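One chain comes next, on its own, written as structure tokens: the form predicted on its own.
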């Protein structure tokens, strides 16, 4: 049952990642990977909320498997982040490659921490 929940969450997360990335990139027309940055930040926020719930509130394994592992695992993408960074670097956009690394790390950590803090404030004792 757990593997099925992860698979369903992963299918939804992968589709969401593709659709959000295409939508965001289509609006910016820039070589900077705004769509990848956005999905990684949003996925970190969602995972932070589930981590905060697990630490201070109700532990609902079904939701953790479906959303935490499945959805967030497929929504976020380390491989595309790495590919985008190398592509920018090889295209001579070294400053944008460095900005991508800094922005992705800062956004991911900040959103994850905000998710944990928000969930702790909501469900904490």
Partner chain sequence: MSSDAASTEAVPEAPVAPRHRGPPWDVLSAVAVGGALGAVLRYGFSLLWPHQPGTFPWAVLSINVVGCLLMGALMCLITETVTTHRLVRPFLGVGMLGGFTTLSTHVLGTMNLVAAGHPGTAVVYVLVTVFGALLAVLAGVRGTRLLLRRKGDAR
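As the structure is a computational prediction, the values presented were derived from the model and not from experiment. Numbering follows the first chain given and starts at 1.
Form predicted in complex with the partner chain: not shown, discussed below.
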- Message: Would you classify residue 7 as touching the partner chain in the model of the complex, given a 4.5 Å non-hydrogen atom cut-off?
- Response: yes
- Message: Test of understanding: in the model of the complex, would residue 43 fall inside 4.5 Å of the partner chain by heavy atoms?
- Response: yes
- Give a yes or no for residue 51: in the model of the complex, does one of its heavy atoms lie within 4.5 Å of a heavy atom belonging to the partner chain? yes
- Would you check, heavy atoms only and a 4.5 Å threshold, whether residue 121 touches the partner chain in the model of the complex? no
- Query: What residues in 50-86 sit within 4.5 Å of the partner chain in the model of the complex, counting heavy atoms only?
  - Reply: 51, 69, 70, 72, 73, 74, 76, 77, 78, 79, 80, 82, 83, 85, 86
